[in-house]
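Two forms, one protein chain; structure tokens for each follow separately as structure 1 and structure 2.
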Structure 1
């Protein structure tokens, strides 16, 4: 290392005093802005009664001021900015996932227990035959859908209904004796509902308490009409039970499964068909212990999906790393001869796949491998189902990932090869070893020392290579329903679908699989790095 750098650094220090003062002013301004923002954030969180955020912002505010105003504590001046983001957006979600993996959080178990009562009433209400229909219009604000109702008693007034309450609407616009809009809200119609499935679903499911004491609610029939509906269950607030007004069944809160259930409900069967009619939906999330984890291994239905997906995840990750490495190594060796002309051009083109976005390359391959119109089948001259046959789809994934990733390995290996001392290779030749033998016994072991940590990292990356699989095959083909997993599903794409992909979201179960993935990848990385260390010791 040259001594240049410290000298250069010394030069501007002459101007330090005045520089120090202005730096101090800048620091004061920055901290002032942070304090103002922090206090505003605390106030907002307080108003929303989001206590976790209140604590978080308060701690951040104190830490920032203490760290940057006191003398000393230098390390924390450097650590704090990153630490704040790391804790909020990495540590907290990771911890939350760990916690959620012990719950039954998911579709039907999202709302806290105190809000479940209203949701049950809304879900179990049925249309009242012969009831009048009401002039309504859906309005939207901030992604939430409300029902704007023309007051049946006084058509010059309007009411605004949500799933929680019905309030008078001020400043409504009227047209033709009907309320058609409300200040601050966007009026929706058939077209805008059709264009946005989320809003449409929210509108379909909207149940507005109309005369809740009599069990009467309003439900939309169309984007302009709503009718009365009566709940089939009646809630008794004192006893905290529901009674079915037709059958007389009594449902009481069951903390083991997070549902209102009858006496006959079988906790072990859960929400399976065996318990049909013995519970009310939705429920609330409850702690279920290690059920999600044991379910992976003991539930025959789940196990039948999980094991093949697990094996394919390993096969995909290992196969990808091996293929990319071997192909990259081969080309690196081929290009090693310095007398070879046109090397720069070759390299430039061969590196291209690595410098292109994956969403571009993966989807181009999807087009090229299309059974009916893809260019590959046109060249072959027969409709090979590259992406729709299980085995071929697996093969296609490996080949496409080879295309995407070999140039990375080419770069890595070329770099590592230049680090292998040339005299070692020559010495091996002098000993009479063949080129292949010299390579295998001398060059390759040295190469592996520096490359193996990368291979492990590449394994970890590809084990969770969501983007490629999602874009190329989407996890398919699917022999059964998508929730049972597809033939090219990796654990990560399977988990993602469990959490977000279908109408039923199994967030607690998905979290448990996430933890399993983490343990697998971390364990293999740990083991791999230990092996690497051994390799290094051999080299030393």
Structure 2
């Protein structure tokens, strides 16, 4: 017996280090994969000269390795992944939107200024009649696209062109009597251009100065051919100006509006004078201060659209929350009555709307509310314009949202009611209170302590309920153009239309409205949580 006891105690001591070693190897492999991906991301960011991403990935790599290789710090090991995703997918987009709200970023002001020069020349270029076709190859280095040109005078030599200059290409590779590659550069073909829209756009916009004194440039026709084109404007790189070769007008960079303009250009009336040839497009994003924010309230056209949409956004969110809560509460109280038979079946049926995807539910309701073919109009025998009349469309949105969301409130309230102590209600009855008064003075305050944070979250969600509005009414009906807003538009759908819904994309202005939405929702949520704390104090 004395010999066997040490053997029994020795067995787990051998297995424990083996388990720790296996876990350490798994951790090492996972961290190795993360490090490889992180280094690759840093290299890609360096190639694109995206310095903020370089700093972010470098900091993440250091934090990950330090956190998971050292002993202790267990809480932070669980928090770190969430913090990384919070910064990458919440704080950065919010910060980017905040920064864009102080610019004129949008259609005609998307490209950086260094790329605007080539775009202006490309737009103002016209083919030169009788010009020869040149053998070219697109090559890329550091995210920039260049034109490798076989010298038309000497096929054994090559030229390398960018939007700024044309220089001899040393160490070029030749095949079949034409240049096909260049040392240090990546040769692009039709497939690689098609697979990368940014490179393809850069190649299409590339204009190489061939005889700049005469305004002649080489412009690509395909990935293998280029032709001469003459621009109506000549760019002077030293002075950073354009000169119209026909009228002699000189266009200088205007940092206030992000355009090349003449001296007589009026910044305040620039849009109205677009047809007078006093500025060149496209432009580049510039800082405009708080102009986008002041425009919301000072521009009569914008104010006429913004204020009604803002009021309807509040009415929709508040009305939806109240209707869903009251309806869910009534059903939950009924379901709590022990005299009701088949409660499990009823609850399963009542929860079905919440279990169905919202996009499917919204489209089904859209078909049911169709004026001509909807089943609702067929039942009542009248062509009611549920989705084409402004008032009825708003009512339809509220009803459909009640159908979609009451099940959630039913689940929440049912759980909260079960947590209310039964002896408190019995004490109220003993004191002579009626059922309604006992509910109002005892049950409802305790219920609100649990439900209030969820009501606030529901308000924030419905204030930005883009999916339902877009699928059911599309923001309409529209009394004017879609850019002016529809009668069922929420701020979020109106903002989306400003940013992406029309040919004129006002991204900077849409970003300003997005920040207004954030301030409204954050302010109301903060106030709501203060009220919730007061309710908790009452409970205590």
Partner chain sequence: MSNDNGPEFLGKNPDGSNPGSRTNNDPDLQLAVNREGQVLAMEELAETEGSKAPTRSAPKMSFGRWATQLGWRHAVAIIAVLFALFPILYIINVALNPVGSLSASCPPSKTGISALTCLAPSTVDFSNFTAIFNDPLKPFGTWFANTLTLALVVSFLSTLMSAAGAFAFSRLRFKGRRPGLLALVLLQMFPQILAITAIFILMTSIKEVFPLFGLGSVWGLLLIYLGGSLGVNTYLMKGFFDTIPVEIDESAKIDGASHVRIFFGLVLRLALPVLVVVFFVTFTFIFNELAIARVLLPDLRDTTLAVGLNTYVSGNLQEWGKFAAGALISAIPMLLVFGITQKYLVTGLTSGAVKG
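It should be emphasised that the depicted structure is a prediction, and the values quoted were computed from it without experimental measurement. Numbering follows the first chain given and starts at 1. Rigid core: the largest C-alpha set superposing within 1.5 Å between the two forms.
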Only one of these is the form predicted in complex with the partner chain, so let me know which. 1
Large Cα move at residue 74 between structure 1 and structure 2, threshold 2 Å, rigid core: yes
Shift of residue 87 between structure 1 and structure 2 at or above 2 Å (CA, core fit): yes
If the two forms are fitted on the core, does residue 296 show a Cα displacement reaching 2 angstroms between structure 1 and structure 2? no
Could you tell me how many Å the Cα atom of residue 249 shifts between structure 1 and structure 2 when the rigid core is held superposed? 4.2
Check the Cα of residue 43 between structure 1 and structure 2 on a core superposition and give its shift in Å. 3.2
